[in-house]
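First, one chain by itself: the form predicted on its own, in structure tokens.
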Amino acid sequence: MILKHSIETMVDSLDQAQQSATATDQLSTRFGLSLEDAYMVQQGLFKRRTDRGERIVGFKMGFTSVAKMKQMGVSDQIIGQLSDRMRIGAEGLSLSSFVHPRVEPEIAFRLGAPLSGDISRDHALASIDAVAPAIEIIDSRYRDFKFSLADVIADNSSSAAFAIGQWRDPGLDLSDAHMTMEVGGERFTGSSSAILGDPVLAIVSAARLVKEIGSRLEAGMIILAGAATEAVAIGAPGPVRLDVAALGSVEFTVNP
């Protein structure tokens, strides 16, 4: 395990990069960074954010796509944290606040009960209070958008912002919902089945991972289940919209 002062140095580096929207060197090029160390850095980053008045409202899942796991050479999911100030409001998104912003179409779940540890799909399903279409904005703070697995975990699993549509009844079958995202006048399509074959399984993974990092999912928290397509770069200001069959839509405006 890396010494505490080195963890703080890494937290400083990523915190400054996020706040100034400027890229920084990969941590793995400067430190021998284990996955345990990486989650310690992530926790340190969010300690800084909560100290500045942010409130943790949930978690995001990463590597829930089999194709993405193969691309990165990993066999498990990763997790990042969501704060209230990461949620996009009516004012939209400002490009100047990000380094390499990309958008991903997702399903959001709101929990009605706390969860932690190994749970079944049925337990996860019973815990869902509401479901909604969602768009996550990922933004690696590393130079050239290049990173190792430990790097991306330390950098809050690249999570930067999110938008959520209207909450719906959790009884909808979302195992294979068609999803269409429009970015910069282009249309990208996918299916919710790309999310672990069933988005509800993202909650199962989230409950296990939060216990491993010494936390838990609380009632009222939001879980972003993971991307249904590859991330799409935001090249210019304009509207971004996602439509999910039977679930509805979510959209926001990208500003300069």
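Start at 1 and count along the sequence shown; that's the residue number. The shown structure was predicted, so the numbers you read here are calculated from the model rather than taken from an experiment.
We do not show the form predicted in complex with a small molecule, though everything after this point is about it.
This chain is drawn without the small molecule; in the model of the complex, the residue among Ile78, Met179, Leu174, Val131 with a heavy atom within 4.5 Å of it is Ile78.
Contact annotation for Ser157: at least one heavy atom lies within 4.5 Å of the small molecule in the model of the complex. Not displayed here, the small molecule is approached by Phe147 to within 4.5 Å at the level of heavy atoms in the model of the complex. Using a 4.5 angstroms threshold between heavy atoms, Ala202 stays clear of the small molecule in the model of the complex. Although the partner is absent here, Val152 lies within 4.5 Å of the small molecule in the model of the complex, judged by heavy atoms. You can rule out all but one of 202-210, 22-30, 55-63, 37-45: in the model of the complex, only 55-63 has residues with a heavy atom within 4.5 Å of the small molecule.
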